[in-house]
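Below, in structure tokens: the form predicted alone, a single chain.
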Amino acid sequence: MKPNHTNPNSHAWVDRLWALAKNIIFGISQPIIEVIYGIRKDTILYWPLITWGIVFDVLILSGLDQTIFKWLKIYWLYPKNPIAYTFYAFFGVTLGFWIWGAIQARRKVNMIERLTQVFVESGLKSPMGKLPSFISDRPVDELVRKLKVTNAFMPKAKFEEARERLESSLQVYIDEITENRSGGTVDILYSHFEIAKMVEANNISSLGPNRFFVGQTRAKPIYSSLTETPHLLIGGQTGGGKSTFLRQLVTTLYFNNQSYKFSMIDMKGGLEFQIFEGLPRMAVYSTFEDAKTLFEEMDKMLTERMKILKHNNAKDIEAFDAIPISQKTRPKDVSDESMDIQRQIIVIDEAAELFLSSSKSNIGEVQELTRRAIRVAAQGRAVGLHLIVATQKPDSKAVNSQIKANLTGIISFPMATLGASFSILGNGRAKELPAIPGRAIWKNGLDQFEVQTPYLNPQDTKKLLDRSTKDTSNG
């Protein structure tokens, strides 16, 4: 048998050489990658870096750079070859960018070193003892970054449970955690900055038709519209900002859409909606009988509008509006007045007072009203009927599960219990919200964001409503 004369020291030498090569490649490539991402995401500090480039240009053009080399007694290093001089000039002018990229790369290394410890402290370890691994940490904009890690065969819920510990350990604020199951990765959207504690609703008149202001995240304002979010569920305990947001939302839609009609149901005596009473296109209902009559009318309107759309081969109200008036045809049993299809907004403040009013009303009547509300929530979007439901108790007793399933947009202000938070959001985030008036979770489909909802004071609300009424009268 031939003896093995392989020298173990040679393997160690190769390993050291390979490690050195990887460090050199990392040291060169990572700053370049960070600069590219910084330019793409507009997160680079352009002015100081460009200022340095201008200063270096001046040094070259004036010859002062050679003077500095001579003064330092290293003039022998000054590039004389044209190609070397070109590299020297380019590197000198762009030095600020490479330093910035190197700093970002160093932060990345520090992040990798910290994450292992953070994941251990946060309990993010799979049953097999595996920890998530760092993939990337990239800027989303000037305030928010996205940390991508492997999921280590753990569900997103496990990361959600560790949210507070991650925030504390990393000293950041986490906006959102999403997963890519097929790729086996988790994205953590985070920021080093807090959300503003007050956001004024100053841009209502500029929003345009259908749109409304949801709130401000750490990085950007969030807007939606009745076409994107046809129905809304607004939940939260007293004092959290639910009524203030509802007032702003209704005022925004009323002011920017001169043809929309509003039906406001307030079973607590109409106190919340008294600012809207007496306005054109606005009706306030404060008894069960009134609400029952309203939903009977909405049920008939839904049936009639579906008949009109089908007769005109239109799949929804947007398609119907796009048809020239001269080409619209009327079904035989529909009036000319009904052909003018405008959006109808139905707002229910404190749904429990309406849907749990069987002690004051006939149980059968409550069930029939609920059935009609379910139909509006399920089919109303296409024909321009929109349901906005506000409640302190978002459970299935207060808001029928079939209604809730169709309320695609959810604004949840702080909830007193984990059960209430899970009932409205499917997680405990509403229980964890800080006690800041107007702070909420916005959920639309799979997306969830912590936002500071816009504040519109009663005086400005009245001015906008009066102005809208005046514009309607002049029109």
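Throughout, we count residues from 1 along the sequence that is shown. Just so you know, these numbers come straight off a predicted model, no measurement behind them.
One more form of this protein exists, namely the form predicted in complex with a small molecule; it is left out here, but the text below deals with it.
**Student:** Within 4.5 Å of the small molecule in the predicted complex, counting heavy atoms only, one of 147 to 155, 243 to 251, 167 to 175, 125 to 133 shows up; tell me which.
**Tutor:** Comparing against the small molecule in the predicted complex, the contact stretch is 243 to 251.
**Student:** In the predicted complex, does residue 363 have a heavy atom within 4.5 Å of the small molecule?
**Tutor:** Residue 363: no, not in contact with the small molecule in the predicted complex.
**Student:** Is the gap between residue 53 and the small molecule in the predicted complex 4.5 Å or less for some heavy atom pair?
**Tutor:** Judged by the heavy-atom cut-off of 4.5 Å, residue 53 is well away from the small molecule in the predicted complex.
**Student:** When the contact criterion is heavy atoms within 4.5 Å, does residue 322 count as touching the small molecule in the predicted complex?
**Tutor:** No, residue 322 sits far enough from the small molecule in the predicted complex that none of its heavy atoms falls within 4.5 Å.
**Student:** Determine whether any heavy atom of residue 237 comes within 4.5 Å of a heavy atom of the small molecule in the predicted complex, and answer yes or no.
**Tutor:** It does: once the small molecule is placed as it appears in the predicted complex, residue 237 has a heavy atom within 4.5 Å of it.
**Student:** Of the residues 181, 268, 300, 73, which one places a heavy atom within 4.5 Å of the small molecule in the predicted complex?
**Tutor:** The option sitting close enough to the partner is 268.
**Student:** Between the options 38, 31, 409, 438, which residue brings a heavy atom to within 4.5 Å of the small molecule in the predicted complex?
**Tutor:** None of the other options qualify; the answer is 438.
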